[in-house]
Structure formats: structure tokens, C-alpha cells
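To begin, one chain is listed below as C-alpha cells, in the form predicted on its own.
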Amino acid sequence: MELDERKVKILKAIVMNYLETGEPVGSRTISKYSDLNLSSATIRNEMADLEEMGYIVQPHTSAGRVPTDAGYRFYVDRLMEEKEEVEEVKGTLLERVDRMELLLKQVAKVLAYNTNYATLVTAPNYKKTVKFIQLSLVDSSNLLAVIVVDGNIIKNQMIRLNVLLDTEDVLKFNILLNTFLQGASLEDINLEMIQEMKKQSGEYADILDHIFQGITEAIHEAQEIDIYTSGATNILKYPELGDIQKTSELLEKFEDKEELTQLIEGTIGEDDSGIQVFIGEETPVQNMKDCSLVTATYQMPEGAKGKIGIIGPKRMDYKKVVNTLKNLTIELDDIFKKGREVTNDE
């Protein structure tokens, strides 16, 4: 059954009223909306249809209705389709800072204060490349490979030697490695490059396998997401999230970097450039199924991207959250494009 205009208006009224009050919404409340001009009996019939269609549910006998995840999703999709102009509030959210880490912590704090929800912000995900590789003889049987990648992540790899190397051999090997690999990312290290390096390294080709393993581990370590959070205790303000055990688990997840990384990575799709809304069961982390997550993507001039997320109850003020994120990404774009002195903390 398709939603006609009357059902759409009633569903929207139920959602908006529940977002504001947190209380089940009855037909009498809906009848007070001046633009509906419907009797309570007509509204009850329409609400029964909406319940049958899965958009609303009656939590208790004789109680009003509350939106289901499907009801929230319909409301949010309609909201996202509205082409309202976003009022730009540049310069009021963020103060000038000279380090990326401080800026992103400030973003998380300001969002938590302005929305009364929990917030998280990830550092921009730069493409990690090899800065340099240094080989050193430890003794006649062991070679130490020191691999440095972007972010000053250092990986030490001890390599057991099957052949004898002298100082001159190690020097030549260092030159070979840095000639091919300095500035290279994992995507750049292809089979053709590996074969050419092994060809030039001759009898020492086996050592390269150990080097490549160290490079892979170092780059993966450097690519771990830095996440800044704020407002976790805001979750305690909402009665529907007030179950002590569930809330404790939720707060623990919010402090767990591995869980937050899973949450963020679970929101990345083929096209994640705009605002995304995940409601209830749509959220990637099991313990957050009673919540909604709204994310936005910001982009650095050189192409690196980061995520901003707001976590709250399913009855969060989606319109306010979406507009806040739109304003914030506009302001961040302005900061980055104007070349303010925001640098990576290395």
C-alpha cells in the first residue's frame, strides 16, 4: 500500500511530535494540527493503516503510537529530499587552531555541546607511503630492517640471513630499496616492481620478502584511524536509552577505539560524500541498535577524507543534526580552502 498525502502528513506529525516529547502520540494530539482538519476517528483509521504497514507501533494497549525504524526512515528520507537552503554560520563554531588534532577535538566538543548527543570525528585518512628504509648488519647472521612510513610509524624487522653480506652489499641493497620504494604506497608495490627488484638483488632476493612483509605491517599500522570523541554521557539524558546494562555497554563501546573503527568503516559506501543517516538496525555495531547515527564526510584539499558522526536516540532531532553537519562541513571546507595553518600533528 502506497502512502497517500494524508497518511504522509499523519506519519510526519507522529514522528515530529514523538521527537519533541518522547511520549506515544494519540489521535487527539494529531487532530490538533491545523493543516489536517480531520476527525479523531478518521485519524485513528489512518493510524491503524500505518501500523499495519509497519511505520508506527502501539507500545502498550490504550497508548498512542510511536514510530518504528521504518517510520523514522521514511521521515528522514523525506527530510533529506527537501532542498532547504542551509544557513551558513561561519566563524561561530570553530576557533582558529594550528594543529589538526586540536581542530578535530574542538569539532567533537562543539558538536556534542550544540546537539546534546554523543559525537565522534576521525582524522583525515591520508594515503600512507614509505618514507625510507634502512638496513643494518647486526651480526653475520642477522640483518635489521628499519622501515619508516608516513605518520612517522617505524617498523623494525629482524631478518635471518642465509647468505653472508658485507657492508658494501648492505649499502647497495639500501640504495636499491629506497630507489624503488621511497614514496611508494601499498597500491604502488605491484608484481612487476617486485620482480624487477628481485632481478637486481640477485642472490639476496629472499631478503626482499621479509622487507615487503615489514612494509605492509608498518603501513597498516600507520593507517589505523585516529578518532576523537565527546559527549558520551549525553546518552544518559534520554529515558529510552536508560536501561543500566544497555547504557553501560553502549558507553563502553563508545570508548573502545576498535569498536568505533568498526562503526565508521561500516558506514563507508561507494558514495559517502554527503550526509548519511543510519537508524536502529541499520547501524553497524550491535550494541547501538537502539540508536541512530548521522555521519558527514569532510575532505582535505589534497583529497584525504575524514568522518564526523553524531550518535543519539532514534528520536533524535534529525533536521537539526543534518543542518548542523551541513554547516560544519561548509565551515571546515572554508578553513581548509583558505589555507589556515592547520597541520598534521607529526
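Numbering starts at 1 and follows the sequence shown. Note that the coordinates shown come from a computational prediction; the quantities given were computed from them, not determined experimentally.
Same protein, other form: the form predicted in complex with the DNA, not shown, and the subject of what follows.
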Mind checking whether each of Arg6, Leu38 and Arg44 has a heavy atom within 4.5 Å of the DNA in the predicted complex?
yes
Any idea which of 292-300, 55-63, 276-284, 307-315 reaches within 4.5 Å of the DNA in the predicted complex, heavy atoms considered?
55-63
Listed residue (Val25, Leu332, Leu11, Val322) with a non-hydrogen atom within 4.5 angstroms of the DNA in the predicted complex
Val25
